[in-house]
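The structure tokens that follow cover one protein chain in two forms, given apart as structure 1 and structure 2.
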Structure 1
């Protein structure tokens, strides 16, 4: 969350940011609850002080009438404190619950807009593939080559699941290892994370684990969820922790399965592997000081570019608009790969994103560091997709398809797969 001490001072700025993101937050009610909480805390403190003074008086010598009066006064103070504390508990619960809905501040340069069409293209690399034949989409290619089976997965698990088969399995594992080797070269600590996280960690990262709008699967009766990304488990790794400044930055790479409800995720751009309920992803996650975060954000984007340039897949980079940022992100860049089978004549589709979440998640997870001068501050947290395997497979199949339906393997993956093409 943001620093709640700034609510009144920066109310106009916070309100504009909420509007720019297309969100609805009752800022006036939150400030009113903040005032109520402050008053109740003052009243509680004053009553406790009176109770302490009453207790001191009880230790002195006095007549019976005075003692009886002090006992009655003590009981009254105790009851009054209990009453106010109960009211304070209810006010705090509502206050912090609503305060957590306030989004992070947005970077001044983030484009203002409501939908992904308002994202701003800032650069591109590579030329979209040109074919002498009508290209197929990855669903047709995968089924004809017997490397993806959607029909059986739908029968066994339901829509938006899939089986990878034969060389499809090798391609998935090759992409994982290819990206892992790049992150290891850049000094990331490699992890395979749990696929389950406690609800408080999910909420701390900024995901909503409950309700119809949630994109997260909850495990009934356990207080846990299936993770939608390793960002959740990597962010929770150091929850309630305090670093020394010399410990930072810390760079983690987390390989995990990702589970998403994808409620409302329909349409031609969501078919096949592009939007599924389960997929594998290698995530980058960084703990750093505020002074480092802008530079590290650029570094994460550069690594994502390195991965897709190495695969030879054309892409563009977009600066994500305010309405598409998500509550935790201060600024987010997406890489969109060219997908020849998307739409009538090919379209760009998102394959990675990288976000600087500043101290928004750290405040919720209570992750701090001590400066060299001894000051305690919240860390900045950043995340970035190294490879979302299912979407990378979409881009590879569609960009490297041949006229006979076979797929040429990108040269960077050949050492991992041991083959140069997929054909039947």
Structure 2
């Protein structure tokens, strides 16, 4: 949620931002509702004032006639208050539910564009490997090596699920531990978070838990959801909390399972591990002051780079365009790893994403801090993928495959796996 007190002054800017993001929000209606609310509030408060004054008059002793008259007056006020409060409640509901749909402001440098084609490549690292043979995709490799079983998972759980087997399990755990060690080195507080969160937390982070197009699984009758990312549980961790400025920045690493419905997301790239209903992810999440957030955003990106460079996987970085940002994000950088088995002859595929959400989520979750001067302000919240294990597995299998179908384990992972290659 943006600061609604700025709605009128920054209306033009907000409207342009909505258009840049390819969204539709009726700002005039929201402003109209804001005016109505303000008017109704003033009326209610004036009536409440009369009610309080009336009640105060009745403190001491008085003759019966005066008392009866005051009670009558009070009853009348009471009726009028509840009448007007009812209207106010309706207006407020509509006002806030529409206002919540206004997206965050976008960083002035974020590229303007509608589709992911408009994302701006800002750098790249590593050379896509050239193979002396035709590289396989991770689905073939995983099945031949008996480390991933899609078929059984489809029978047991449905499409877009998978079993990891044998060295596949070791690879998953090695990647988790590899990334955890890097984040610990950078001073992150390590957590394993719940995989379930209450709907209001999910909403506060900016996900819509309901509806056909929602990517969130809700658990019927409980008011809770399966988390799509530990961003949800790490952001909820300090909801309703007020920090001291000296507490910040606060960096968390959260390991969780991630569950995504991916409704209607079937396409050529949904094959295999790339788009699945459940995966493990180590997420970075930072609470900081507004002054710090740009700098910390760069830090998160460079940690992501450190992780992928350490694995030796070629990648590029894109600055996400306005249309692809997602409502809470002010700016977002993605790392796209080279995946030789993707497309005709290899393509980049998203493996991490880091967003600066400024105070947008903090307003919804009510996370504040007190400045040294004693002022109360909203914190800035940032998130970033340290490692989304399933996608990292795609990149590793496809990049480090040998002509005989075996996999050479990146040296950074060897200590965690205890083996140097996977072969059958």
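Please read all numbers here as calculations on a predicted model, not as lab measurements. Rigid core: the largest C-alpha set superposing within 1.5 Å between the two forms. Residue numbers count along the first chain shown, from 1.
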| query | finding |
| --- | --- |
| Form predicted in complex with the RNA, given as structure number | 2 |
| Core-aligned C-alpha movement of residue 375 between structure 1 and structure 2 reaching 2 Å | no |
| Residue 52: Cα shift of 2 Å or greater between structure 1 and structure 2 (core-aligned) | yes |
